[in-house]
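The chain below stands alone and is given in structure tokens; this is the form predicted on its own.
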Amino acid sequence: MSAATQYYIATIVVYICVNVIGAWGLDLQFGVTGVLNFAFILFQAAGAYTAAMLSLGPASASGGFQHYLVGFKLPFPLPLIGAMLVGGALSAVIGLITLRRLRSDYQAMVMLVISVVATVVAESVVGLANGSAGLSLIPNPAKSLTGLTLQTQNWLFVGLCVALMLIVGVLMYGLVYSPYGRVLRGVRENEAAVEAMGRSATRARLQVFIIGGALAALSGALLAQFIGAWAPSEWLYPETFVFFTAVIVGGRGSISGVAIGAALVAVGIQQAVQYMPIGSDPTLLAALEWIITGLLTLIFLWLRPQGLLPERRRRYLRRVKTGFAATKLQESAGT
């Protein structure tokens, strides 16, 4: 297998892992709990910028062509951990402002406004993250290992992404299919009933908002380290709707379904468009990707709103009836 083919395959796998992790974070918020986070891409960008600043070193050492707020040269995995902490902290701040006082439709509008404002600020304030040029030369932790070929380093990073995706998947299953997950689905389906049982719906929404923000930041950190650069053009607000499409196509609340949706939408559509006989105009290709993504969203919302793999519903009524019947039988035998 040629070096170019290996790099192409490694790139596809990394993008799948990154988008699956991000889509799981949004699914925990939107699919499981019902939180409309239209600023989701903002938290991915926060993770990317944080990982870059924690691994690039001081801005003065970059030769003066990059300007950013802080600069450290921390070893792996501290930049990834720092990215998740910043993503979670930013989610907590925004969540405390929006989730406690606003109803869901207003929350969505506020999130969208925050995403647009954050992009403008990042482009305008050069000293924050190098303005519209963004950050480049972001170190890849696998490439710091000397004595290895470039292909081996790439596959080591692929292994890291796959391992993190599997760990996040296990954590997602543990959260969603636990008693805590039933509380989250209760918040989505009937908030008043959850409150009547003594659970705080606002607290549950804030918790998943923080967890989802941390996962988004992790996906952004991995992507920035792989491609070696990150700029405001990478996280314009429409990018959020790619993740929403992945959740809708895969199936809201379905962990396996969302993983399939993320692979199909975020990676499959992009690759399919590249091989269409429509020429090589990048503007046309980018426009076609958005057109297909939008049509796919509409088609699934209209014809199959449950997605490819619908959320698995656990039934408890039959067990309750069986237990009740057994109790009655024992009472009859006793009499």
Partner chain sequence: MAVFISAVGFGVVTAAILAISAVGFTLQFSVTNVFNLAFGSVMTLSGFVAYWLNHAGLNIWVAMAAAAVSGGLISLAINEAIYTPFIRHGLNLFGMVIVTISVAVIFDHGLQAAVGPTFFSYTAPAGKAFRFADFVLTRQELIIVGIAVLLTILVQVALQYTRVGKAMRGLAINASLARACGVPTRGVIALAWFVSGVLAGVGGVALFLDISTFTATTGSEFLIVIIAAAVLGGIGSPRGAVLGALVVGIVTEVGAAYWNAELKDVLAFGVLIAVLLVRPQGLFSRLATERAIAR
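Note that the coordinates shown come from a computational prediction; the quantities given were computed from them, not determined experimentally. Positions refer to the first chain, counted from 1.
Absent from the display: the form predicted in complex with its partner chain. The rest refers to it.
Find out whether any non-hydrogen atom of residue 237 is located within 4.5 angstroms of its partner chain in the model of the complex, and reply yes or no.
Residue 237: contacts its partner chain in the model of the complex.
Quick check on residue 297: any heavy atom within 4.5 Å of its partner chain in the model of the complex?
Heavy-atom contact with its partner chain at 4.5 Å: present for residue 297.
Using a 4.5 Å heavy atom cut-off, state whether residue 244 contacts its partner chain in the model of the complex.
Output for residue 244 is yes: heavy atoms within 4.5 Å of its partner chain.
Does residue 272 reach its partner chain in the model of the complex, with heavy atoms at most 4.5 Å apart?
No, residue 272 sits far enough from its partner chain in the model of the complex that none of its heavy atoms falls within 4.5 Å.
For the chain seen here without its partner, which of 51-59, 262-270, 66-74, 30-38 has a heavy atom within 4.5 Å of its partner chain in the model of the complex?
It is 30-38 that comes within 4.5 Å of the partner.
Just to be sure I understand the contacts: of 128, 193, 163, 116, which is the one whose heavy atoms reach within 4.5 angstroms of its partner chain in the model of the complex?
None of the others qualify; the residue that does is 116.
Only one of 124, 151, 200, 256 has a non-hydrogen atom within 4.5 angstroms of its partner chain in the model of the complex; which is it?
Of the candidates 124, 151, 200, 256, 124 is the one lying within 4.5 Å of its partner chain in the model of the complex.
Please state whether all three residues 120, 287 and 301 have a non-hydrogen atom within 4.5 angstroms of its partner chain in the model of the complex.
Yes, all three are in contact.
Pull the contact list for 72-92: residues with a heavy atom within 4.5 Å of its partner chain in the model of the complex, in sequence order.
Residues within 4.5 Å: none.
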